[in-house]
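Coming up is one lone chain in structure tokens, specifically the form predicted on its own.
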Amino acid sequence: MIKLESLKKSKLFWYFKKKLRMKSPDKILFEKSNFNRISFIHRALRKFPQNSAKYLEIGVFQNAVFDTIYLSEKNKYGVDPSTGGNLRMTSDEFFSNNKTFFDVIFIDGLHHYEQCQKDCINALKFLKTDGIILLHDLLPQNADEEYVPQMNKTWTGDVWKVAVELSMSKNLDFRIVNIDHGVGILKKKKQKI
């Protein structure tokens, strides 16, 4: 990952910063689509055998996504320190003790840049070959949604900074889909032999 100091020098950083600092009523509008983060997760999981696919969700909250994942209990892990999922702990605690590798990882935890960056780095360590990481809340509609600490009910935090870093990475494939507050799709690039 790129250090924040060098990130601030990039043109992409300032482009995102300018776009996201617009005041209401100017907002980033999401594409009208039947797709959302749940549909992307299900589509990703279909790429792996259902009886052996491993799914990890960081930041489960009230199980809105987690309960839609139809895998056996032994193959789905939901990590949240306060509500939802099946593992009551922080993502840092989970990753420090984890030995399992995952096909699909969904990151929607604490909406702070530093924590999201840590979750992304840790998730990459435990991603199977051809695995997929999905990240949520990468496109705040306005400055109020990205402000840390949270001021409004709708809150993406400043995790968009992780998207800037990922988009500049040379060994990762990364895209953002302009739906559902921004859904990021991350894969490791295949190594050339």
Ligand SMILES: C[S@@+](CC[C@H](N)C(=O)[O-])C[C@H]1O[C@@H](n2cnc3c(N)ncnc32)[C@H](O)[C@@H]1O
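Computed from a predicted structure; not experimentally measured. Start at 1 with the first residue shown and count on from there.
Another form exists, predicted in complex with the ligand; not displayed. Remarks below refer to it.
Between the ligand and the residues 162, 58, 135, 139, the one pair within 4.5 Å by heavy atoms in the predicted complex involves 58.
Picking from 63-71, 42-50, 122-130, 140-148 the stretch near the ligand in the predicted complex, with a 4.5 Å limit on heavy atoms, gives 63-71. None of the heavy atoms of residue 105 is located within 4.5 Å of the ligand in the predicted complex.
The ligand is not drawn, but in the predicted complex it has no heavy atom within 4.5 Å of residue 76.
Although the partner is absent here, residue 83 is a contact residue: one of its heavy atoms lies within 4.5 angstroms of the ligand in the predicted complex.
Taking the partner from the other structure, the ligand in the predicted complex has no heavy atom within 4.5 Å of any heavy atom of residue 98.
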